[in-house]
Ligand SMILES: Cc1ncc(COP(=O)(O)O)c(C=O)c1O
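Take a look at this single chain, the form predicted alone, given in structure tokens.
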């Protein structure tokens, strides 16, 4: 691990706004589940750069697709048809098992959530959005208004007045919150940033039924939970729900900025030309990366490996200091009986990257879906030594 302050760390601190607390090194390259810093030190990555490295770092299939597309046509706007855009949309629809659905491409998870809420308002003619307390949906104005974790909205005024929040996992609260003015209800199937919080069994199905009964659209934020991460092809498949709108980003294009809204057939028919737009959304290079990523996840059924590695972690991470393991698949939260920061620092000193959460006692795991049993054993040993 790099110990002296790198020149490039100093340069970045000089020229960039101080928006993140960062790992104390400069990364140079990555391959598979590992990254290397500018001093040559190697780190096993169980955080995946906020769940983005879904196939590992610089996956060969995606890198080749990006290079090939960049040589042929780097960009043209959505005014022109694109084969690779159509293929990427079809692959996302097929992975999620939603025949008849359609896709709107954008650039990030916040944009995907913003556009999903806009579609809900347009399709229903209603103004209101109901979100959940503790949630995180992004930092743009509309996404931040829906974000239920108050610390992210602190000091920010002028957010949407027609967005309200209800407790996560409380169906009785939902019955009070969802009215004839509610266009959509947006939530994460598992609240990742909050500390990998899960709703009680059956809540999502009850909420789905409630939304349909009251004419509100269910918007599922799959930015972190989607694309096989939960040990199923989608949260909809895992929980037995039928969202009209689903938002994707993070691992969608293995690190090339790309977001998407998956829109059910009945709602897609209500979106007209001019209603949505994005200059860079659906660009050829991003769609080539997304197509290669989706094909790799689907052909290898990587959700099955996510489920298998979850079972391995739950069965072998039996340290007394771990009070609970939350989550599904490879979105897991290790809940400690002490603050996690010193433990995470100890794990880092042993060459493994993990994440934190708004819950100070939680270690968050968001590794590539390609992670192996041997690599889980490396994390387990680093955790044991750090505890």
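For clarity, every value in this text was computed on a predicted model and none was experimentally measured. Positions refer to the first chain, counted from 1.
There is also a form predicted in complex with the ligand; it is not shown, and the following applies to it.
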{"property": "Non-hydrogen atom contact residue 185 with the ligand in the model of the complex at 4.5 angstroms", "result": "no"}
{"property": "4.5 angstroms heavy atom contact with the ligand in the model of the complex for residue 109", "result": "yes"}
{"property": "Residue 193, heavy atom within 4.5 angstroms of the ligand in the model of the complex", "result": "yes"}
{"property": "Close approach of residue 350 to the ligand in the model of the complex, 4.5 Å, heavy atom", "result": "no"}
{"property": "In the model of the complex, the one of 303, 136, 239, 168 near the ligand [non-hydrogen atom within 4.5 angstroms]", "result": "136"}
{"property": "Heavy atom within 4.5 Å of the ligand in the model of the complex - the one residue of 223, 117, 131, 288 that qualifies", "result": "223"}
{"property": "Location of the ligand contact in the model of the complex, chosen stretch of 313-321, 76-84, 91-99, 215-223 [non-hydrogen atom, 4.5 Å]", "result": "215-223"}
